[in-house]
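Listed next as structure tokens is one chain, alone, in the form predicted on its own.
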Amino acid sequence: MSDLATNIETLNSHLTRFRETGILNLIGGESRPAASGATFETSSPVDESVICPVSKGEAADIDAAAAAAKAAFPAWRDMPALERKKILNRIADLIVERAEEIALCECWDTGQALRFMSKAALRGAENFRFFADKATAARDGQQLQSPTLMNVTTRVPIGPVGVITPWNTPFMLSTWKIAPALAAGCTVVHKPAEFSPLTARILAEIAHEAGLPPGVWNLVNGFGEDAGRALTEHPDIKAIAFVGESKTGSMIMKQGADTLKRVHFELGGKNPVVVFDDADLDRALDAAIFMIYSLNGERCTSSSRLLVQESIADAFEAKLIERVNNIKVGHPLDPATEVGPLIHKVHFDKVTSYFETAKHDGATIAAGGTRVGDQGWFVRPTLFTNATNGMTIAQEEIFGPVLTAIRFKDEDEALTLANETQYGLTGYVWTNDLTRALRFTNALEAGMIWVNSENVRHLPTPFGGVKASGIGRDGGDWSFEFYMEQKHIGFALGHHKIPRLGA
């Protein structure tokens, strides 16, 4: 039996229970259908087949989940940090034990290639271990002396929080948001993307198997316009952590305004990879290809704009075209596959619409630009050349395996092109001139920049963007700044004179 056939057989064994019972919400530690009894279907982008029914949560379900999170909050907040640490580490252990199941289900639900999702499950475990280790220091503060007071600060968890995660790498991104919330002492209501609900259910099950008290982690499936909106407007939810489109982030801000909700957004990007003529061109080529075509191009940090210096552009693009044409598109459970299908038909139609847009605007489709097969949502990895920065393909987030190449003359023009976009999530700079690298990155409008490297995530560092790419930072202590409130206490140092009124 081939690796692909073996993986499909193993996947089917994991999916049996979902096909029999569907995916239920998890509220207060109990599996529940939606209060209305409504369901929707999740389908695989591989062959458009129905995977299973999913409970369609709405306002009543969010209300029940928020009430459970509120009731569970005091005990979870006051639990000794060492106990929370043990539970979070146990969650990590169980993720590792079920990593194969998580990866296979994620691939079938999202279309992501197994070669990447097998690592994403383990990264989820790493996220829990990292924040488990930080849980014991989450409340740490400072001692700030003044002539009359000993001032101390501490942090306290903000309360029940809402977490809304996307469909592109849902398991890893769920752990990235939920692990620090739990480590901080918050309780959670999680609404995963409706297009990829499988691994959210598995993760919540793991958390409760690890000993998480009922109500600390609640899962409500549903659509943004009902379950999502109810979560963002609920008065008992103190903050919303969201990963997704910039337009949706703006809507969430409006919906949370009446309850003065704190928000943390990781939003879209149109990230430049800037290749100067003095760069290590072979490594730059590898990185540029990896950062746009891995994960089907459905990643917020993808390097979707290639800015390449004119003096090397012909040779660099020629090698690029050859490599893009060699990328293996196929079944996501085939270990050899590099690019799988896009998440669903709506997104497929959006991505492929840019092929005509590119031609209309005068760009060249140098590679790809076609559908692969007639079943599932497969797209050939695509490269646009002869593009300018004012074109739609250079300004809008396509969110697929599509790269737009733009040429520049010198450093000043490269910087102008890089910054001329509404987004500012990441940037990638390739040069062997250290002075130029320092000068360029200082002026580049992005929250995260890598020099002579692809995106290599280091968990203690801040992760987030500027402009339309987001608000706030994840990672290290920055995550606690969002999920916790600063508290100041001043202790008098003796009997300093207090002004007297009305004496």
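One-based numbering along the sequence shown. Everything numeric here is computed off the predicted structure, so don't read it as measured data.
Keep in mind that the form predicted together with a small molecule is not shown, yet the notes after this line are about it.
> Is the gap between residue 252 and the small molecule in the predicted complex 4.5 Å or less for some heavy atom pair?
Replying inline: Output for residue 252 is yes: heavy atoms within 4.5 Å of the small molecule.
> Does residue 166 reach the small molecule in the predicted complex, with heavy atoms at most 4.5 Å apart?
Replying inline: Contact with the small molecule, yes.
> Any of the heavy atoms of residue 242 lying within 4.5 Å of the small molecule in the predicted complex?
Replying inline: Yes, contact at 4.5 Å.
>> Since only the chain is shown here, I'm wondering whether residue 266 would be in contact with the small molecule in the predicted complex (any heavy atom pair within 4.5 Å).
In response: Contact with the small molecule, yes.
> Exactly one of 206, 300, 138, 132 has a non-hydrogen atom within 4.5 Å of the small molecule in the predicted complex; which residue is it?
Replying inline: Contact check passes for 300.
> Just one of 338, 126, 317, 194 has a heavy atom within 4.5 angstroms of the small molecule in the predicted complex, so which one?
Replying inline: Contact with the small molecule in the predicted complex is made by 194 alone.
> Does the small molecule come within 4.5 Å of a heavy atom in each of 293, 304 and 462 in the predicted complex?
Replying inline: Heavy-atom distance to the small molecule in the predicted complex: none of the three under 4.5 Å.
> Only one of 73-81, 384-392, 218-226, 366-374 gets a heavy atom within 4.5 Å of the small molecule in the predicted complex; which is it?
Replying inline: Answer to the contact question: 218-226.
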